[in-house]
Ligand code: PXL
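Next up: just one chain, as structure tokens, the form predicted on its own.
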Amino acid sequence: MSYKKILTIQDISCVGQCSLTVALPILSACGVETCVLPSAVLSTHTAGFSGYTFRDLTEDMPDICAHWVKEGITFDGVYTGYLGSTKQIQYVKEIIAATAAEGLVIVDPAMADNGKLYPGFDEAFVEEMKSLCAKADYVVPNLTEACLLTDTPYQTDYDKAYIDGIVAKLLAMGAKTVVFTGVSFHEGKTGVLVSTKESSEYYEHDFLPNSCHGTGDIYSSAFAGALLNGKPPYDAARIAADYTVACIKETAKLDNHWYGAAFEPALGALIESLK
């Protein structure tokens, strides 16, 4: 039996069901040895909470990498999520080269949604993120992120030609496979488009109106876990989509669970889908 080891690099929001507090349990449930490199530690995530604590760990990253190199530690894959600065992205590229040169690189360019960059990010960050995505085996953007990465005007009313044009630019940038989330071609439906230069497959599912913070992290983590289990990219994308929908449905059953998605109750279904 193949026992894969993945490194995930993103922040820890101690409360809030996102980033590393989502990635670590989901990847572990997928049967993947999960190593972590926290880019920052926050008491909570930043959406809806006030007065949260924040500790930047950027300058710890090179020393951590140097120790891994000294110990001969390597990874079968690296999955990146929210990164807080251009310097962190630069360090991540060095870490990939030093510890996972032969591994899968999965980049969730977590920097924007609903047509806008997250607070604290600027064009310089977008440009640096482009360089990381260019090295990715799999890039997992939402519509806003895909538009920013390709210098495409953001619009919510679009056709297949618009989406195909964005995908072509992402592939031309260097990404080997584009896993484009939140793509909707029919009212009441949404889905994920999995594209390479040779092929394109689309998985459609119901659009759920109750959005939850952290679902992008849930999706990318489940996708990475399925990939490391040997699932083909389209199957991994489908499994991750079904799991994310299940998490949103579980959250809808709860009262006042506004700060994240209840991913834990649906972990059993994710594990079954990997068998």
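Since the structure is predicted, the reported quantities are computational estimates derived from the model, not experimental observations. One rule holds for the numbers: they count along the sequence shown, beginning at 1.
The same protein also has a form predicted together with this ligand, omitted here; what follows describes it.
Using a 4.5 angstroms threshold between heavy atoms, residue 91 stays clear of this ligand in the predicted bound form. This ligand is not drawn, but in the predicted bound form it has a heavy atom within 4.5 Å of residue 42.
In the predicted bound form, none of the heavy atoms of residue 58 sits within 4.5 Å of a heavy atom of this ligand.
A residue is said to contact a partner when one of its heavy atoms sits within 4.5 Å of a partner heavy atom; residue 233 fails this definition for this ligand in the predicted bound form, lying far away. Contact with this ligand in the predicted bound form, judged by any heavy atom within 4.5 Å, is made by just one of 118, 154, 158, 203: 118.
The listed set 82, 75, 180, 125 contains one residue whose heavy atoms approach this ligand in the predicted bound form to within 4.5 Å, identified as 82. Screening 27-35, 212-220, 59-67, 241-249 for residues having heavy atoms within 4.5 Å of this ligand in the predicted bound form returns a single hit, 212-220. Counting a residue when any of its non-hydrogen atoms is within 4.5 Å of this ligand in the predicted bound form, the hits in 43-58 run 45, 46, 47.
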